[in-house]
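In structure tokens, the next block holds one chain alone, the form predicted on its own.
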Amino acid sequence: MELKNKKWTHDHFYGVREEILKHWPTGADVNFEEAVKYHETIPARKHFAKRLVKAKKNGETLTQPRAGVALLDEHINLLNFLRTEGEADLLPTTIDSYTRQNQYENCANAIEESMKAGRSLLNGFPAVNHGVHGVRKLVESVDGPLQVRHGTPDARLLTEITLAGGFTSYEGGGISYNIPYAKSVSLEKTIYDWQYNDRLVGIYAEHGIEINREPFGPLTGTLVPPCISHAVAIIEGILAAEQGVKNITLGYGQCGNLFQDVAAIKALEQLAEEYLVKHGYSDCVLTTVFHQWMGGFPQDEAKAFAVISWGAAAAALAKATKVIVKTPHEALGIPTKEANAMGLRATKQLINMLADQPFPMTAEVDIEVEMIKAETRCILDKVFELGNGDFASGSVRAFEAGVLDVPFAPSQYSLNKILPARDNNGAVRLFDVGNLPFTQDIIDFHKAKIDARAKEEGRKASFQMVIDDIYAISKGRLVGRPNK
């Protein structure tokens, strides 16, 4: 296998596909030509890509939860509840952990045990086991655009079944669903496997069916500097576009400082459009997604709502196309449907209140935008150089060299040399830049920001700052200040 960012031929794709559809019996029910005809019957109001395009045109920020349970009828009821009681604009289907590891036999057993118990014993919806017919029942029973959300390194059969079943949006990528999720799965394999998924979406596009693709923006969700998540998102966007994907949503996980968060969304959209056009993909529709705080949450519900509302405000002011919503039970485990709906309604209220309030582009925001773009360009251009003009092979080499590095990742293929910490105003900076290919002025910028905080707090800049910041929000603060 020679990994290249090159569109798969039909012969190569269908040669691999023949084996993929045999991974579980439900794969036999996938019929591409019939699936295209089925997609042609899906009304525009339930079409994810069309809804995103409309939202971008109108300057809306749409709301979307996470949700998934084991049994089909329960999952349908859950999504309908979130649509009506939570007022969700877009709906998810979060896939269970067994499916994410391709353990379909375990899924079958868990579905049977869930039926006996009368409640879900899985942390998501096992779409592969429910098959095309089950997925179509879901699509037809829920009045809203549906997206698959998961965390699967090898999602090829899941992609086949859910797209044939009528889903119009699909999340994930060969980097973003490997480095933050897996320990020992190689990047060569996951990028290659995800080329299959993107090529399938591209073949649907060749038949007039537009399916939205969304790489997973937050990565590990713990103090991830914007330049890191932006570099990965743009690379995965380019990899998808090469395989024929035409509708792409790139994401970012909230860091907590309002100026940095607003700047990050603006920088992401500008950079992504620049790099897509620069590398020959000028026909892609690009939208953005803002993920509410992905780190530790307060256990107290009232305090959790404050964190949710802050994320809602940041998403609205940044004019992200959609926002992924958290729940007030975030610190406690899988939320009730009622708690999920409350997080959605709180977010919707904030978005509506801020709809007519443009965020002023101050000098401080402009500086953040330009710094994020400069940092991200350093990374992207070095990845391209390492790949000799190829972002697929370049990404593998970049992770080996630490040119791409994700903080706190479980993967053995990420060096984990960089260390993020907040500056005195709560923006995420780098205490240790590791092997990131920054220019000296960027390195000096980060050092000065961390040193200024250390001086304010009367302590030396150290790893303790990193630890303090990881736990800060769950303890009621943004910046992990030492106790005085």
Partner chain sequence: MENNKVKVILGVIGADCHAVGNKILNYAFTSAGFEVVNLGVLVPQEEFVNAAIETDAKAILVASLYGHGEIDCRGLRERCRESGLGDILLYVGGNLVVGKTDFTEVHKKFIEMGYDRVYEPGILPDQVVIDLKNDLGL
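Numbering follows the first chain given and starts at 1. Since we're looking at a predicted model, the values are computed, not measured.
Not pictured, yet referred to below: the form predicted in complex with the partner chain.
For the three residues 180, 183 and 408, a heavy atom within 4.5 Å of the partner chain turns up in the predicted complex in every case. Only one of 129-137, 167-175, 201-209, 323-331 lies within 4.5 Å of the partner chain in the predicted complex by heavy atoms, and it is 323-331. Proximity of residue 119 to the partner chain in the predicted complex falls within the 4.5 Å heavy atom cutoff. Proximity of residue 14 to the partner chain in the predicted complex falls outside the 4.5 Å heavy atom cutoff. Interface membership of residue 110, defined by any non-hydrogen atom within 4.5 Å of the partner chain in the predicted complex, is confirmed. Taking the partner from elsewhere, residue 470 is found to have a heavy atom lying within 4.5 Å of the partner chain in the predicted complex. Distance criterion of 4.5 Å from any heavy atom to the partner chain in the predicted complex singles out 103 from the list 270, 77, 103, 282.
Contact annotation for 282-301: residues with any non-hydrogen atom within 4.5 angstroms of the partner chain in the predicted complex are 299, 301, listed in sequence order.
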